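One chain comes next, on its own, written as structure tokens: the form predicted alone.
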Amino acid sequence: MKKTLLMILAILLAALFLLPLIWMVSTSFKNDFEALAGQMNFIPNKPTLDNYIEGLRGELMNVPITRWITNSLFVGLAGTAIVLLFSSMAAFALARLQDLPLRKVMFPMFVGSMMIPGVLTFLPMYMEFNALGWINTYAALILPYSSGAFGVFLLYQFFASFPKEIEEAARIDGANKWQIYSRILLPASVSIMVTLAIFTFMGIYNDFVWPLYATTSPEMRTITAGIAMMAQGSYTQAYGKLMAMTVIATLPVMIVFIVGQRSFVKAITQAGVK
């Protein structure tokens, strides 16, 4: 009886999360008249691909949707690569380099910085990039994501628990610190790195507020900022077109998660076992 109730609860929760997505996909195949009618039908009366065709051709705005998606993918991939590099190097230094000055002080500072709301750093960061003349550039879209403490915290736990015997054996064989980092710890932490990459890419790709204020021209917008501008402009009530663009914007994130799902589950399992 208990298992049956838990199964019913799980199904209800799954439906609660899936219904908005199903409604989004369904609306994307409706024409504007049917979408505005507000009928609770998940199957369009007259399915159409016009919303997707017009969006991909760039007929909805002066700038093609594909440019916004390209910007989002570039910013997400570049930001993720920087985070993986900096976070892994910082975590290695804090976890394995015993002679690092103030090592025991810096790690609590990293963890403590995660408690600071991002909205508090928004205005100072904007003023700094504006003073440097970097607003409306790729630097302004990428660099703010390169200094997060979450990746350092996540990798630190793995590096700190890595067997010291393997590191000592590598030192006896003549490996230096860089070789231990690049040839031993990084290959051993692939699943953790993939998990961090998934979280980072999804966070950067889905970010809305910073790209909206850090870009001033349509050509530099990301897909989230672009769709927001569409929703406030001539397409306020063009729900079919907006939902079609939202579906297209969702696909890269879903593909990234599906590709890295196995490593993601493996990392969570390893963390649970430890």
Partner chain sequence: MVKSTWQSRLTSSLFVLPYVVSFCAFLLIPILYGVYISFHNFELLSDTHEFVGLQNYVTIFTPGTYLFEQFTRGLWNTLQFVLYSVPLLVILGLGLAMLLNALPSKLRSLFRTFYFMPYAVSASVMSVIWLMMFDSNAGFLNGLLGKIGVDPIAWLTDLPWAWVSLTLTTLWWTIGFNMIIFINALNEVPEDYYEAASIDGANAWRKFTSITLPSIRPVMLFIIITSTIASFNVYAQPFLLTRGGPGDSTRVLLMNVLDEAFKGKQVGSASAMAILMAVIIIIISAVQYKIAYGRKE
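Residue numbers count along the first chain shown, from 1. This is a predicted model, so every value here is computed, not measured.
What comes next is about the form predicted in complex with its partner chain, which does not appear here.
The candidate stretches are 198-206, 69-77, 184-192, 154-162, and the one lying within 4.5 Å of its partner chain in the predicted bound form by heavy atoms is 198-206. Contact check for residue 227: a non-hydrogen atom falls within 4.5 Å of its partner chain in the predicted bound form. Its partner chain is not shown here, and in the predicted bound form it never comes within 4.5 Å of any heavy atom of residue 138.
Contact check for residue 93: a non-hydrogen atom falls within 4.5 Å of its partner chain in the predicted bound form. The closest heavy atom approach of residue 56 to its partner chain in the predicted bound form falls outside 4.5 Å. Interface residues of 73-112, taken as those with a heavy atom within 4.5 Å of its partner chain in the predicted bound form (partner not displayed): 86, 89, 90, 92, 93, 94, 97, 98, 99, 100, 101, 106, 109, 110, in sequence order.
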